[in-house]
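Next up: just one chain, as structure tokens, the form predicted alone.
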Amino acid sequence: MSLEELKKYEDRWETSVGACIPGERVIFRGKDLFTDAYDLGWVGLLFYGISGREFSKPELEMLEAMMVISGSFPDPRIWNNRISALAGTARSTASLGFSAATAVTEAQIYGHGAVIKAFEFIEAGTKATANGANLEEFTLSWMKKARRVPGFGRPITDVDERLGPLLAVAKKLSLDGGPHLAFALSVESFLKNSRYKQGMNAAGLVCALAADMNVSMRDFYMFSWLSFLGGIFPCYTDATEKPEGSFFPLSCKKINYVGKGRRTW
């Protein structure tokens, strides 16, 4: 940025997202936060803040179901929950523990990294097949490029227990008829009947459902950041109620040390 451009922003920031007028009101993307925006609800407010868009009640219910079902696992063995529990057993503050736990959800093979890649694949595949591309050839070309099909497969088990409940909610809300979901289900059918034997995982499903609600990848990435907090919070509080430093201790005899022996200083 040039010096002249920087001068335009000195002591000045133009924004349409809102303003706080102390002692009077808060403007939230053109709405009064205390009277107009209040009715949006928490999930609706988050997405309105991200994109300026208001969603229907069925869409908001679907988005909230994604948060509840896809990431709210209160298991301290899971990578981000483990950090939250470690913070609790170390008697760190909750804010520091939660910040560290959410930071690692940026990982590329799980969490937000996996969501972004799945969104890219499903959006690109839906568009390509709508324009006449062969679904199987498109999927295999993506697999060759990325070494996997984003949104499909799971390292521990072939079954993703979240798919059934999420699809049931989508069907109840009549949000299961979009082209992105149809593409994702077709890819799953192809992969399951191929030598790869891979089913869809939760990342693939939530991305397809979100894309069918015309949610952009950027907006869904920002929103999905919250989805793990349902598991992160209880793991921290559980650890604070146990003895300090007791979270998964490791005795020295469990370490296979192959370096130099004991030395005298």
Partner chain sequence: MANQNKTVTEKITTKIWDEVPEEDNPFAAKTCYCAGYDVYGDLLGKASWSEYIYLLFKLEKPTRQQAALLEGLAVVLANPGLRDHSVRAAMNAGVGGSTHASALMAAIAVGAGNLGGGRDVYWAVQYFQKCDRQIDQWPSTVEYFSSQEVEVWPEREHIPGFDPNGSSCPLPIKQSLSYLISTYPEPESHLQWLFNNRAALEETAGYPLAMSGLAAAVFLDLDLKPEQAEMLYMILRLPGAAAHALEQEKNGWRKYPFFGSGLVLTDDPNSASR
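Note that the rigid core is defined as the largest set of C-alphas that superpose within 1.5 Å between two forms. Numbering follows the first chain given and starts at 1. Keep in mind the model is a prediction, meaning the values are calculated, not measured.
Another form, the form predicted in complex with its partner chain, is not on view; read the next lines as being about it.
- The candidate stretches are 196-204, 49-57, 62-70, 216-224, and the one lying within 4.5 Å of its partner chain in the model of the complex by heavy atoms is 216-224.
- Proximity to its partner chain in the model of the complex, defined as a heavy atom within 4.5 Å, holds among N134, S99, S141, S189 only for S99.
- Taking the partner from the other structure, its partner chain in the model of the complex has a heavy atom within 4.5 Å of a heavy atom of E120.
- None of the heavy atoms of G153 is located within 4.5 Å of its partner chain in the model of the complex.
- Although the partner is absent here, D158 sits far enough away that none of its heavy atoms falls within 4.5 Å of its partner chain in the model of the complex.
- Mapping the unseen interface onto this chain, P249 counts among the residues with a heavy atom inside 4.5 Å of its partner chain in the model of the complex.
- Using a 4.5 Å cut-off on any heavy atom, the residues of 228-265 that reach its partner chain in the model of the complex are, in sequence order, P249, L250, S251, C252, K253, K254, I255, N256, Y257, V258, G259, K260, G261, R262, R263, T264, W265.
- Core-superposed comparison between the shown form and the other one: the C-alpha position of I21 differs by less than 2 Å.
- Relative to the superposed rigid core, the position of the CA of R12 differs between the shown form and the other one by less than 2 Å.
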